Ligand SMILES: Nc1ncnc2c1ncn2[C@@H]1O[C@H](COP(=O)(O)OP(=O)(O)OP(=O)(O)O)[C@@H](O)[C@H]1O
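Form predicted alone, single chain, as structure tokens, below.
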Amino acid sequence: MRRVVFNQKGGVGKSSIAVNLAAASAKAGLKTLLIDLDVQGNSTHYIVGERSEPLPGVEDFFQNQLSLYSREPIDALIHQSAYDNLSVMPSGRGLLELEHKLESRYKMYKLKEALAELMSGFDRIYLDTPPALNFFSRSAMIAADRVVVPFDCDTFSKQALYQLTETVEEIKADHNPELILEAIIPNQVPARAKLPKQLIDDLKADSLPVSKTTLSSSVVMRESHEKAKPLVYLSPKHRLTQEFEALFQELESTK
């Protein structure tokens, strides 16, 4: 199963969801890989913390696609984290500099080819994407089986969401007929607020696949980021942790 977390809007909790779903997957005993395609590297930091030297990863993979000669084996770009069953392919600061070269040389399918090989060694692969529809997010959706979309429950996000679903359908039609919009995940939902419930009901009325599980807002997420420790390891009994585990189980039940 290759699951991409995507939204063109920033600040919707995309990296937090990607990392915590991957961590829940690993804790459930599934050999899990997280691939960080966002130049900001938030997922990378969340898993491995601060490092004096960057780890080889996604940037090196795409740089290798531009070379006819020297290509490192992809296994050398994957790093076991401090947590059992959880590995990461880190982001890199030079990704954006590679984008035009990769597009002009039609390298959009290279990630799909690589992930097809990696699935022999992993049960689940999660892909965190940049908050933009660019080469890297398109490559991720071409390479994935499922798309999950964080939704932060405001009117502007709802309008953008309909455009996003059209994008997913276009990529499915043109590049990846196996791609499924698996779930729209309401995130940072405040307790007892009326607007989020109304927006969620509107999406369901339009037959969009809104997850039954919603994710609440909590300062524990900020603490989790600062300590570079996913919630299932930092605070297993916290309400938000339990929501992530419930969301993971919900997604797994639909496969």
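Don't overthink the numbering: it's just position in the shown sequence, from 1. Note that the structure is a prediction, hence the values are computed from the model and not measured.
Not pictured, yet referred to below: the form predicted together with this ligand.
Visitor: Taking this ligand in the predicted complex, would G57, A140 and R146 all count as contacting it (heavy atom within 4.5 Å)?
Guide: Not a single listed residue reaches this ligand in the predicted complex, so no.
Visitor: Report yes if any heavy atom of S16 sits within 4.5 Å of a heavy atom of this ligand in the predicted complex; otherwise report no.
Guide: Flag for S16 set to yes.
Visitor: Mark L247 yes when one of its heavy atoms lies within 4.5 Å of a heavy atom of this ligand in the predicted complex, and no otherwise.
Guide: No.
Visitor: May I ask you to check whether P236 falls inside a 4.5 Å heavy atom distance of this ligand in the predicted complex?
Guide: Looking in the predicted complex, residue contacts with this ligand do not include P236, since no heavy atom lies within 4.5 Å.
Visitor: Going by a heavy atom distance of 4.5 Å, is T32 a contact of this ligand in the predicted complex?
Guide: Close contact is absent here: in the predicted complex, T32 is far from this ligand, nothing within 4.5 Å, heavy atoms only.
Visitor: Among 219-227, 59-67, 191-199, 204-212, which stretch sits within 4.5 Å of this ligand in the predicted complex, heavy atoms only?
Guide: Residues of 219-227 come within 4.5 Å of the partner.
Visitor: Within 4.5 Å of this ligand in the predicted complex, which residues of 31-57 have a heavy atom? Give them in sequence order, or say none.
Guide: Result: D38, Q40, N42.
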